[in-house]
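In the block that follows, a single chain appears as structure tokens, in the form predicted alone.
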Amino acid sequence: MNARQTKVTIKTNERIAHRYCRLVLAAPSLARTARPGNFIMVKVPDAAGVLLRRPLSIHRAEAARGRIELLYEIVGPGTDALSRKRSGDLIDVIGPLGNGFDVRTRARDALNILVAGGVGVAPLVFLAQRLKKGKVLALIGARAEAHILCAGDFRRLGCEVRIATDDGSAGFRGRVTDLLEDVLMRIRRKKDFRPVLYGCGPAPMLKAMARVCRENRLQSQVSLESHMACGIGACLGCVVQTTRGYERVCKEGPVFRTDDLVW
């Protein structure tokens, strides 16, 4: 994959829920080459004291329309400045970057379970766009109902959606990994128990997901969230421990098999 630096035009940049925004970019080259799990490094303009680019997962790509979408949370001065950009503005990006989800070895009749925590839902919508084999079940976790993201997007793609909230304000009361265990217990009774799992979210959620998959002897891939300085593997600032040694989230990842990670 040939990542490159380019300036792209903002089509829309709108707040969709609480502190979450969806940014749509006119980026034909990125839309053609991006794969689920890839990310881009966005230069944040006009933000005092913000020197580093921000890594943002590609949320959706539409090659026919020549555009990509990014989903991000306003958490500091960088993303706050990004949220103030408007339609027609130019921003500087590098991408697509990283290794994405591998969907080549799935059985045609496999159940694909997507496990999302918070803004970790971002790359999983793009993945759902590309999962043309089998059934897709999206499990979305959030602190409360106001923080639930993209349930409608998954449903429009034909996915079944289940929701978990920590406070019980919507759907299953508890963590999304608790919901995952409940789902697996129910479907295990069926004759063909062959789900394939994909996840993205906070590290504690992914660690719990890895444990559930290990106990159930299931294949799973997760996209790790990490602070990145360069995004191209040069600075070694985002390494994680794997069974092969230390690897870079931005270069060897961000997607890893859960049984390859040392939790």
Ligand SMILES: Cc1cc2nc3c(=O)[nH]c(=O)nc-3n(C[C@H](O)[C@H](O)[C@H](O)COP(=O)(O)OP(=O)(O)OC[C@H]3O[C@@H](n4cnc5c(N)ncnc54)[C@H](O)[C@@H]3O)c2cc1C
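Start at 1 and count along the sequence shown; that's the residue number. Worth saying up front: this structure is predicted, and the values here are computed from it rather than measured.
Separately, the form predicted in complex with this ligand exists; it is not shown, and the next lines address it.
- The stretch from 204 to 212, 219 to 227, 22 to 30, 60 to 68 that comes within 4.5 Å of this ligand in the model of the complex, counting heavy atoms only, is 219 to 227.
- At the 4.5 Å threshold, heavy atoms of Glu73 reach this ligand in the model of the complex.
- This ligand in the model of the complex comes within 4.5 Å of a heavy atom belonging to Thr79.
- In the model of the complex, no heavy atom of Tyr198 sits within 4.5 Å of this ligand.
- In the model of the complex, this ligand sits within 4.5 Å of a heavy atom belonging to Ala122.
- Along 51 to 68, residues Arg54, Pro55, Leu56, Ser57 each place a heavy atom within 4.5 Å of this ligand in the model of the complex.
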